[in-house]
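Just the one chain here, laid out as structure tokens, in the form predicted alone.
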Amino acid sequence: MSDTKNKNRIHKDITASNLSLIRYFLQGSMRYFALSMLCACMVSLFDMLSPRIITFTVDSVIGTQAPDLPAPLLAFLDAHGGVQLLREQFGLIACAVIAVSLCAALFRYLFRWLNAYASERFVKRMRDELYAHIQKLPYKWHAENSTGDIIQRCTSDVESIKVFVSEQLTSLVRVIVLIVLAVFFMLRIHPFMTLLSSLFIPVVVGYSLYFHRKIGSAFELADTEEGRLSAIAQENLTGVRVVRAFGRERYERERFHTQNEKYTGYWIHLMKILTLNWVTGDVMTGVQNLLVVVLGAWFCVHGEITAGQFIAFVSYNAMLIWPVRSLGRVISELSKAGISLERLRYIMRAQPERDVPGALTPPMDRDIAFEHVSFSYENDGVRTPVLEDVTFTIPAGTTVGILGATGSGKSTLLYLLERLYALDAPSAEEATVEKTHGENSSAADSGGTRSGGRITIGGVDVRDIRASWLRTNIGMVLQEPFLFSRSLEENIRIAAEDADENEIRAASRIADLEETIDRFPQGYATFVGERGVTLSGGQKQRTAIAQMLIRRPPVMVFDDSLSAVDAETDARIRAQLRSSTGSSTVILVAHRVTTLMHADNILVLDHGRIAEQGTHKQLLARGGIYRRVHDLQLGAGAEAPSAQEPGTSAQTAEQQKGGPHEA
């Protein structure tokens, strides 16, 4: 319990504000940023020395003014010949200027290198932390947030924050040092002119704060639209086969064009604000510079300042303009970085999936029981019931089939079993954990749903079982499997990385995939492309079956995972599964009666309730929904073909000669 409380407290502290989040991301790179700032300060210091050398040269070496130097430096100069030595060896002054410039160049190089190194470490940590956190978020969170928008937050927004920290925030110290030093040296020359020049600072800060609000709101709109544009592009590219198959290229192109036009419009609006911001700065800079030059020349002509002091003052004023303008830019860029940080904080604030304290790892080869399970989705305050008071038991080592119309809750049952969705009314331990998570934890964990009942394995509530243990021991094959852009062997081996070639072939043989793979020119090394795009639907489903079989979990779930194969292949796979699953508990979800007919028990779901259950013969004799589906699929009064003796009328839809099915 204390460990859970500590994790919750740390998570809450990290995401309490944008500042706390950026401090967290800066861990590991803060000291390098600090060193880069120190080097930036040294650059500012050496930059300020050059005008002092020029003033001394014009007034005291070329002119006759008494040297205005610090006492130690003046004593050193007098000990080595005084000003007369410099008049005779004028090259020494050039050497001093070169030495100061070289020192400034060295520290500028160190500043750039340290800043670049720190910024790359900073952005790496941001990406690592965001990716790791997203991996732990509930399935429902992923269902509610588009992939394109998440990617945009983890790329564009991360880059915006990196640019702000590395280019604006790190230079802030240097800017402040430059302003302080410039004003200090300018005060020594002429206080009144310094006052007039300094009036420029609050004006810049003022109009920067004004534009800060406008830039922030405009950037938020542009950033949001960029996320939507990324989502459209990602969705279109991953669904390219569907787009081509239905001739939707023109529609998708216009959809992208419309969103791109909207996104561009927001950015043009933002650019107008930024342009106005910088033009205002240019005008203010020109007026201030003109004022300094005119007044300085007037004071110089009337003998209030020397020619050298006039040159130095103009130089310091020029140095002052850049940091003050930079200070204004920091303020304006702060609004964009704040929006990006808020968008990242949205991700980091989401509560990750957590096990209850003392989560169990019980034996998984036990009876599975659903006890009064109800479940509904809630979107925008509207509840959509999916399951209502579902109760049944799956004895260990048996096969249960689930039949039902689309939307009857078949897949939801399986997601609840694997805790991809969570049931409400938790156990006492779970309730304690949710209380420690805070007010938002329940909504995050349950994914905006309302539910009740319990699911047990061997009498242990799945909410009390460690999630990693639960999902390792429950193998699931989905109707639409996801394959990675890797070879067939790598995709099959993904569930058991230490599997050898014999195990891979054995799993492929059971999934009726081995013969197909052997016909490919590259065999198991065949690259399947993104999402398995180079394979047919049936080949992808069979690859996913082999992927699950290779680790032989005690519970095997097939969620309509034979829907894309022909009847003959379906029968062969079912026959091979029955002979190879051994003592595993098998759950089959299907629309085909032939897929379920040999199950030990068959459940028929209707509008989220169990309408019928029993064996194939019992359900046929009952004359209910199952019988009607059977007669529709196989013909009234006809018996289904035996799984061991598949019919010969069905033609195999996936005859390949030499390569995978082309998309």
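Each residue number is its position in the shown sequence, starting from 1. Predicted model only: the values in this text are computed from it and were never measured.
Keep in mind that the form predicted in complex with a small molecule is missing from the display, and what follows is about it.
Out of the listed residues S408, T280, Q234, S156, S408 is the one that sits within 4.5 Å of the small molecule in the predicted bound form by at least one heavy atom. The listed set T361, Q522, T393, T384 contains one residue whose heavy atoms approach the small molecule in the predicted bound form to within 4.5 Å, identified as T384. At a distance threshold of 4.5 angstroms between non-hydrogen atoms, N379 is in contact with the small molecule in the predicted bound form. Shown alone here, F122 lies farther than 4.5 Å from the small molecule in the predicted bound form, counting heavy atoms only. By the criterion of a heavy atom within 4.5 Å, F219 is excluded from the residues contacting the small molecule in the predicted bound form. In the predicted bound form, at least one heavy atom of Y421 sits within 4.5 Å of a heavy atom of the small molecule. Here the chain stands by itself, but in the predicted bound form one stretch of 371-379, 123-131, 251-259, 196-204, 371-379, has heavy atoms within 4.5 Å of the small molecule.
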